[in-house]
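To begin, one chain is listed below as structure tokens, in the form predicted on its own.
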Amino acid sequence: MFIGQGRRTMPEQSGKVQTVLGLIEPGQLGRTMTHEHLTMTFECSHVPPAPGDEGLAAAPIEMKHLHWLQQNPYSHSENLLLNQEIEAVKEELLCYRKAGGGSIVENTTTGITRNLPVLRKLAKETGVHIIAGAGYYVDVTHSDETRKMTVEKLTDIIVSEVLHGADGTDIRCGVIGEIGTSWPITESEKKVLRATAHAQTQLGCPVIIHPGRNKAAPGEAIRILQEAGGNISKTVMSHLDRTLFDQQELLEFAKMGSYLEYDLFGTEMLNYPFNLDVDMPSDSQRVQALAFLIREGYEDRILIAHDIHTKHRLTKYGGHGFSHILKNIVPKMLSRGHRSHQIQSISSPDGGSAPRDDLYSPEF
């Protein structure tokens, strides 16, 4: 989130947070959700409805169908168009700010309809600091032009999105990511990962990775980044709550040094359509996983969020909304023995006082 002292950064950027409205000081961030989407499309991940459910998949979103939608969110085409709900998202952000939220890292990258002017508008109208993401999503969203690019060209584009602006605007991104990977990681995704590492070296800003849906995926993505010169201590591995379940495997991955992000709070479904072998955890199980990591000494390497990316997770459609962690999960954590300073460390980049001296430090 911070622009570091890279070879391509300007002095006024170093140690600051690049939001869609400009640079701010680290202490202005407040409570931060590090993996959200405010406007995007997710048609790339549409799942055909089960036989007999075609009518439900085509019907308008209604309360009487809400349970079906919660269990089959990717089979309803309209549900995948979060970019149609700008006013609803604005109301969510106002509620988030009222609940104590300060900032949101918006992880929409090239391939899932990033809209920087809308992000700027939302930031102006709500007072929530919004940090946009640079780079590319998973292979299935890569254009032919993207696939043909060299690592050097991809690097230049990512760097330019942070230093000068993205998508033909002067609105600058503040992080690299979420950078999407599938499983197995494709050749095009490997090029983007290497370009991401090279861009991070030049800029000093954090990287956020979307791993493939396999327990080996996080480690493989980190290996590729590391071999390309990436700074793993400034890298966030997303979606661990649907990827690593065995405690020993989780600890082995944690030793690699990235941030450990549990960012699917509010998501509970019986069958995870992208990997039916995965039993999606409940929020209570997520809280237990955080407690385990804290006991093992990783308190200052944990990040949490909701990864809202479909309509049904907005309160307009009966979902939990962007304030769920602050309103519901924090009290749950306190009731289960988490200490206030631990929660503050996880949810506030400045730890409530000074900037962290890892991901959020100006000493890149």
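One-based numbering along the sequence shown. What you see is a predicted model; the values in this text were computed from it and never measured.
As for the form predicted together with a small molecule, it is not shown, yet the points below apply to it.
The stretch from 209-217, 83-91, 226-234, 184-192 that comes within 4.5 Å of the small molecule in the predicted complex, counting heavy atoms only, is 209-217.
The small molecule is not shown here, but in the predicted complex it comes within 4.5 Å of a heavy atom of residue 42. With a 4.5 Å cutoff on heavy atoms, residue 309 counts as touching the small molecule in the predicted complex.
Under a 4.5 angstroms non-hydrogen atom cutoff, the small molecule in the predicted complex has residue 239 among its neighbouring residues. None of the heavy atoms of residue 130 is located within 4.5 Å of the small molecule in the predicted complex.
Listed residues 137, 96, 259, 262 were compared with the small molecule in the predicted complex; 137 is the one with a heavy atom within 4.5 Å.
Between the small molecule and the residues 221, 290, 159, 112, the one pair within 4.5 Å by heavy atoms in the predicted complex involves 112.
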